[in-house]
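Only one chain is shown below, in structure tokens, and it's the form predicted on its own.
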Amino acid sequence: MPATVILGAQWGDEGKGKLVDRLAEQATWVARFQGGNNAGHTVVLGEQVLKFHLLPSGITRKECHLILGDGMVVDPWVLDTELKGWLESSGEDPKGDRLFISERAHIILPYHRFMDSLDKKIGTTGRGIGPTYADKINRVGLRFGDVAEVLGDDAWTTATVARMNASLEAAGAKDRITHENLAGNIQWIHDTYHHCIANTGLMLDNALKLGEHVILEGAQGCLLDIDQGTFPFVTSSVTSRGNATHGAGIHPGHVEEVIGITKAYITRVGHGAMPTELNDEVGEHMGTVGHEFGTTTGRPRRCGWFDAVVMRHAQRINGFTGLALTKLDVLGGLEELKICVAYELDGKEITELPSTASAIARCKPIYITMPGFPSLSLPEWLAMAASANKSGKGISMLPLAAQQYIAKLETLVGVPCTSVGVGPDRDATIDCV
């Protein structure tokens, strides 16, 4: 089977974890290909809420092998905490059995967290992601495959400590790195992970050649892409389709299906303009009903109406074959629904996303208005989803106004919906037919 790519189509937090968990039932591999523990993927299994930052969402499917891919930056201490939590809840330690870390993935060290904590402009998670990618680009980073090579190398440790402390001093940080601590960290990383560090690109390539199904799980979203996002208020990696295979260590010909995840409205965490942002009772409704708090940081998410300009940009960059619409239920109970179809920028109407942050900040949304649909309880949404999927009637089971809203989004973005989420639970998803 070919590979399936799952990508965020907005500013992240769209519900990728839930979809990956659901699709992983039919997969044998789930691989993360970029980012680090600045991601937050939530999976809800009845009363159990699982939150992952590094572990691929397919971990809930015991038959799935899990990959932390070439393009990732991995905090080994955060990963250890997640693995201990998983061991406690499931009784399983997957390291070296079904969880493997790419030898090419870069390591987040305490130095990187110290540097990231100085950010006051972008609104990063402070987890060391950007500084680790900066070291990667500067060709001074440490990869998991290099750990055994530098273990016990006093010259490397001395030079690395000197470089790190010079950077910390120049940046105005109070923290410093010691030779003893860095050497101890390298030893601990080797002792903890040496048995699960592997050529994961080769593993995925062989699996695909054998006809196995691979899911490539993205983190963040298209509008946070370092190249194609709302720079400089972006993440430090390429979040889009072009990096899915590259960051996993396989060629793009393996991919046949690319699913873009989008909420029925839009959210954003951190700094940067968001043209459809609502600072009123509707925005409060979305945030409250949708439980809009960041999985990684706990920060409240900014909420706004669906933005078709943003989504057309995401579609051009990624070439989605289908859209997975999430959190439709959150819009229930609103009398009318608005969709941004264009912007007014300096007195002119535009239909494409500007490239500069200052221009985006000056954009005023141009809306169309559609009728709302009733609010339902979670049990009612779950029952509707179960009935829709069992009968094969799909979204025709939804209220008419909800069907019309979905149809309009499909038309505006130019991509069909493959599924519609109507609640946080794994089973609160209606397959489109």
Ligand code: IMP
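All of these numbers come straight from a predicted model, not from anything done at the bench. Throughout, we count residues from 1 along the sequence that is shown.
One more form of this protein, predicted together with the ligand, exists but is not displayed; see below.
In short, of 163-171, 349-357, 87-95, 228-236 it is 228-236 that has heavy atoms within 4.5 Å of the ligand in the model of the complex. Proximity to the ligand in the model of the complex, taken as a non-hydrogen atom within 4.5 angstroms, holds for one residue of G319, G242, G141, G270, which is G270. Judged against the ligand in the model of the complex with a 4.5 angstroms heavy atom cut-off, the residues F33, N199 and H246 are out of contact without exception.
I67 falls outside the set of residues with a heavy atom inside 4.5 Å of the ligand in the model of the complex. Put simply, R299 is close to the ligand in the model of the complex: some heavy atom of it is within 4.5 Å.
The ligand in the model of the complex is approached by N38, whose closest heavy atom lies within 4.5 angstroms of it. By the criterion of a heavy atom within 4.5 Å, T276 is excluded from the residues contacting the ligand in the model of the complex.
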